[in-house]
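In structure tokens, the next block holds one chain alone, the form predicted alone.
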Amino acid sequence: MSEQKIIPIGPYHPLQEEPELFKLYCEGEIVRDIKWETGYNHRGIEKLSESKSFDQSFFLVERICGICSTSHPFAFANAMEEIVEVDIPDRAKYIRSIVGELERIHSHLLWVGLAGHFLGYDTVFMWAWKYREPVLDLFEMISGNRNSYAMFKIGGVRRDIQNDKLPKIRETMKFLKKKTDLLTGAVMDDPVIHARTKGVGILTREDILEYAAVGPTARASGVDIDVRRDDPHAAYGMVDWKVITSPEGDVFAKAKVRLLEMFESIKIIEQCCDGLEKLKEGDIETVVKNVPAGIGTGHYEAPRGEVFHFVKTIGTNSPARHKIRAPSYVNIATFKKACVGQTISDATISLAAVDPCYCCTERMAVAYDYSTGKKVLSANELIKQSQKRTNYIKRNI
């Protein structure tokens, strides 16, 4: 047996935009085991939400993830509307679905571009990111922002999409359909991409069920789950679309699922535009004046998979408890299954294949001493330390 070496990925690595440490235990070129060290991010989002009004919490959860900045408000709105038992206007349902699907397209294009870059195929990287720009332009037209769109509220949406903006959305969808077809053809037909991704990082259907993985990671292993279809909300039950699956479970299948899902997103957006044209402009909200005591759960199919929000209210203007689970929380753990037994050169693309988002996933509410097990910092003390550090940095910039 050859000597075992440890090769680190992270905590700061060109592959990762966020800090996280994976130690690969290798014999020669083969990965025999991995260990994963977390805790480089402290967000405190759940605790902060308890100090915000319900309306402010929408802006807070929007900042859990820049890429999924509408998925968390979507799930939070579903949870709050379960508590207040309100049905939102059809116009708001169509607008929510348009914003959600635009986010899915730009997230999947971002992933395809990065995957191409990791494989040394920078043409795919440049194409995908170029085609993503018109999507961000649409967000700017709709909300005034290219990220963090501030569209959601209890009972509906904050801004209408006027009917005179629908031709521009349709024109962009037509452009994206053509370019996505080009991009999909390039990925599906290229022998180099096949060689680097087929049979690499395989997750079986049993692996997905064991890890409770979600989203394209699960669907690329033949697990037919999607919150938009399985628990219809917004306009997803009002339009025609299908869930994309593929049985292979390798990196290539994950790319294929994401590419084909973009065509479904385009189809959903076009049908939502048709629906908006038939409705009266301005009817975008059911006014909610009070939130009673209760418990609500809401979920949404984010680009990476199901995002889940649990909210407990006690009749005040703030959440008494706000629990959040992002899809990366379950998907990242599959890396061990996908990576062990593979070569070192395949490790990074196997990790990237689940589209990991560490800032979505990590949170710390209490700090314990590792050796004694005693609590050393409470949530409020952690927040104060974070504020103190931020003020220090501001003074010294």
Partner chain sequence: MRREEFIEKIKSEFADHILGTEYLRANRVTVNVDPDFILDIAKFLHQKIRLRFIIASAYHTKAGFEILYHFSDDSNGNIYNIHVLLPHEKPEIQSLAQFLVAADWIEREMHELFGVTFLNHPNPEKLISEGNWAEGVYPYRKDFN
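The structure presented is a predicted model; accordingly, all values stated were derived computationally and were not measured. Residue numbers count along the first chain shown, from 1.
Below, we refer to the form predicted in complex with the partner chain, which is not included among the displayed structures.
In summary, among the residues F310, F139, F263, F125, the only one with a non-hydrogen atom within 4.5 Å of the partner chain in the model of the complex is F310. When the partner chain is considered in the model of the complex, only one residue from M188, V192, L182, V86 comes within 4.5 Å through any heavy atom, namely V86. Here the chain stands by itself, but in the model of the complex one stretch of 112 to 120, 268 to 276, 211 to 219, 131 to 139, 211 to 219, has heavy atoms within 4.5 Å of the partner chain. The three marked residues, I6, C26 and D346, fail to reach the partner chain in the model of the complex, with no heavy atom of any inside 4.5 Å.
The partner chain is not drawn, but in the model of the complex it has no heavy atom within 4.5 Å of G66. Taking non-hydrogen atoms only, I34 never approaches the partner chain to within 4.5 angstroms in the model of the complex. Not displayed here, the partner chain is approached by E306 to within 4.5 Å at the level of heavy atoms in the model of the complex. Shown alone here, R158 lies farther than 4.5 Å from the partner chain in the model of the complex, counting heavy atoms only. Residues from 42 to 62 that approach the partner chain in the model of the complex with a non-hydrogen atom closer than or equal to 4.5 Å are H42, G44, I45, E46, K47, E50, in the order they occur in the chain.
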